[in-house]
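Read the single chain below, which is given as structure tokens and is the form predicted on its own.
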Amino acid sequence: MKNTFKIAMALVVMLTTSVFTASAQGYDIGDIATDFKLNNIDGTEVSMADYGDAKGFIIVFTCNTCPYAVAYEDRIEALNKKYEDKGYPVIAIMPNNTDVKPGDSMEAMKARAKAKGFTFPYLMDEGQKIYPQYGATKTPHVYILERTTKGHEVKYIGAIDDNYQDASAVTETYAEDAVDALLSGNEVPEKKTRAIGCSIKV
């Protein structure tokens, strides 16, 4: 009886550890991303379910205060302008703890979006509950999702391109290549790249 109890407890610990590890790692290619409902800079709440005609999404974890994220702002805006009408809008999510980074407060996000003329939603991950589900670790960190019969399937994870310092010197446009492939019904050529940026502040 004692041995049976010990075996049962060991199985519980193993299962608990396994679930925790999968959750801590976030999404991988082929996983189905759950929807969210987060506050936008315009005072509304935004979720993927709001986009009835979307074929998918370009989810970008980004912020005001990271130099890498700032360097990519115009390129994120360009992605939305290029792909929103084709069914792949950008949704930007600010994942940082604003107690640690006051420059990423909602008021600061509103000011930055106005100054840069963002045409995409800029949402706050209040409570920092969403970015761990994705497994995002950097700003910026990109997840491209495709709407399928199973849900929003993760098709690409990583960087926007291969040169954060100089947009004119980019030779690999990972995010664009992924969306173009999906729009053409093809496999994403490079499904995972290393996101370059600032660590998310907890």
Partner chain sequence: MKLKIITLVLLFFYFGNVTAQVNPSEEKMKIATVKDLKVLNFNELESYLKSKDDNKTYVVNFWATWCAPCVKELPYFEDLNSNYSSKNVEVILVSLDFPKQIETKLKSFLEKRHLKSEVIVLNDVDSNTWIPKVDKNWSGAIPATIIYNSNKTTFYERSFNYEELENELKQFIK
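Positions refer to the first chain, counted from 1. Since the structure is predicted, the reported quantities are computational estimates derived from the model, not experimental observations.
Not pictured, yet referred to below: the form predicted together with the partner chain.
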Can you tell me if Y27 lies within 4.5 angstroms of the partner chain in the predicted complex, counting non-hydrogen atoms only? no
My question is simply whether E187 lines the interface with the partner chain in the predicted complex - judged by any non-hydrogen atom within 4.5 Å. no
Are any of the heavy atoms in D177 no more than 4.5 Å from a heavy atom of the partner chain in the predicted complex? no
Look up in the predicted complex whether D162 has a non-hydrogen atom within 4.5 angstroms of the partner chain, and give yes or no. yes
Listed range touching the partner chain, judged in the predicted complex by heavy atoms within 4.5 Å, from 46-54, 30-38, 146-154, 130-138: 130-138
Residues from 183-202 in contact with the partner chain (non-hydrogen atom within 4.5 Å) in the predicted complex: E190, K192, T193, R194, A195, I196, G197, C198, S199, K201
